[in-house]
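Below are two forms of the same protein chain, given as structure tokens: structure 1, then structure 2.
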Structure 1
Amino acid sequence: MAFDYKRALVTGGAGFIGSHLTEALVAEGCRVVVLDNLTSGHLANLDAVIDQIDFIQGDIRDPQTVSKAIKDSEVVFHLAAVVSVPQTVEQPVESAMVNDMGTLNIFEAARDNRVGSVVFASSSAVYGDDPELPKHEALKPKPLSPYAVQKITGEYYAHMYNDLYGVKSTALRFFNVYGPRQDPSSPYSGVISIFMQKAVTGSQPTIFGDGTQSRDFIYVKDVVRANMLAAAAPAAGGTSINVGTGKSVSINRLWEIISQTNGSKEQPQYAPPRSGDIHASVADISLAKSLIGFSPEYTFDKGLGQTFKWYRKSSTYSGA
């Protein structure tokens, strides 16, 4: 991959996706500043590169902190956010201060510092429960939660800063990202991380709804590559692009696969659907292919294998 930027800011860089992205940027010879308030991120996620980056513990809601972090950056990857849909449902104003105003602070600082490219982490949640499948970027957004509203607002800011101020900005609509370092301790974590932890520890999983709901699961290293491709692609400016695999798996089937892989005999318990959840989601990735040259490199089996390897090791270290 041709990646010519030498200085980058990664907001939320101590988090699940952000830490993988930070490692990839360092491997490309890029000097990285990570801005993270460690609300959900962990410094341990950056152990492999901590001596090669500049880490700032701070909040994107503070314009002065953002201005300090972004200084001299050529590219910004904005991943910092309140990412729990239920949390935004319970705390719509507080989450908007992070996801709306914090994002606006990032774009304004990028404009002030003449940053060459900004990649904004959006979400497939913006499509809501539109029955049309696969989800393509021409669909009208139908947000069902404050989180989804906040993400589509961030996309509008990205498009506006691209068109009005000349800050090349791209919004990537992540589908269901999974992989090593995804924290299973929260009930709002990705379902794969939770299921793997349950399987490794021999615990019973909880499925919200009837389990027939389906998701497009994409491995974290593919998401990292999509971010870097989008930053480097001139044609990506002012666009929103799906980042998924084009394939989906039901939640019931997901537990079957994971439990069989680890030999777990546990049967799931079922609970009422969570507020703001959608039933079916799968990405049309044709725009990603044409605009930024992205196609996933990890099959679901390969990605699950890599993830399971990490969770087994992690549970051994934690004494689980």
Structure 2
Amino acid sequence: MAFDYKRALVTGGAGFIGSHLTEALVAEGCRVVVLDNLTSGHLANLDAVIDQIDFIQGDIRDPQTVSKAIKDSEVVFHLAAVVSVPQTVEQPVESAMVNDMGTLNIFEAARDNRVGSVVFASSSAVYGDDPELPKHEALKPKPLSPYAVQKITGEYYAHMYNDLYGVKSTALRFFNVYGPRQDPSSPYSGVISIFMQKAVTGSQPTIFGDGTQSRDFIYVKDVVRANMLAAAAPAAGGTSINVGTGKSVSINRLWEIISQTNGSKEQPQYAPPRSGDIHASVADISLAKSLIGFSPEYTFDKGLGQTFKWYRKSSTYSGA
């Protein structure tokens, strides 16, 4: 990969996706500053690289902290956010302070410091329950939660800073990301992390609804590669790009695969569907391919295998 940046800032770098990205940047020979307030991230996620990075425990809501962290950075990966949809539903104003104002602080500091490229972590949540499949970037956004409104707002800031101020900025719409270090401790954690933990501890999973709902699950290391490609691709400025696999798996099938792989005999219990749950989600990834040269490298089997290894090793993992 032609990734020539030597100094990077990763906000949310102690989180699930951010910590994998930080490791990959360090492996590319990049000097990385991680800015994270450790609200949902864990310093332990950075164990492998902690001696090779500059870690700042701080908040993106504070412009001075952001300004200190961004100094000398050539590229910024902005992943810090309130990541829980239900939390944004409970606290629309507080979460907007982080997800909207914090994001604006990042773009403004990028402008001040003439940063070469900003990559903003957005979400497939911006599509809402639009029934059209696969989801493609030309669809009108339909944000149905404060979280989705905040993510589409961040995308508009990315486009605007690109076009008005010349800060090359790209928004990536992550689909359902899974992999090692995803915290299974909340009922709203990613379904793969929950199912893996149920399988390794021999407990019964719950499937909400009839289990025919499906998702486009993408392995975290593919998401990392998409971030680095987007930062490096000149054509990516001012755009929003899906990051998924283009394939989907039903929740019933997911438990079948996970339980068989682990030799678990547990049958799932079925519960009423979650309110606001969408039925099907799958990404059209043709724009990712044409603009940044991205297509996923991890098959579902391979990604799940890697993830399994980690959950088996950390079956006592409690997110701490």
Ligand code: UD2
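If you superpose the two forms and keep the largest set of C-alpha atoms that fall within 1.5 Å, you have the rigid core. For numbering, take structure 1's sequence and count from 1. Keep in mind that what you see is a predicted model, and the values were worked out from it rather than measured.
S.K.: May I ask which of the two structures is the form predicted on its own?
M.R.: Form predicted on its own: structure 1.
S.K.: With both forms fitted on the core, how large is the C-alpha shift of residue 270 between structures 1 and 2 in Å?
M.R.: C-alpha displacement of residue 270 between structures 1 and 2: 3.1 Å.
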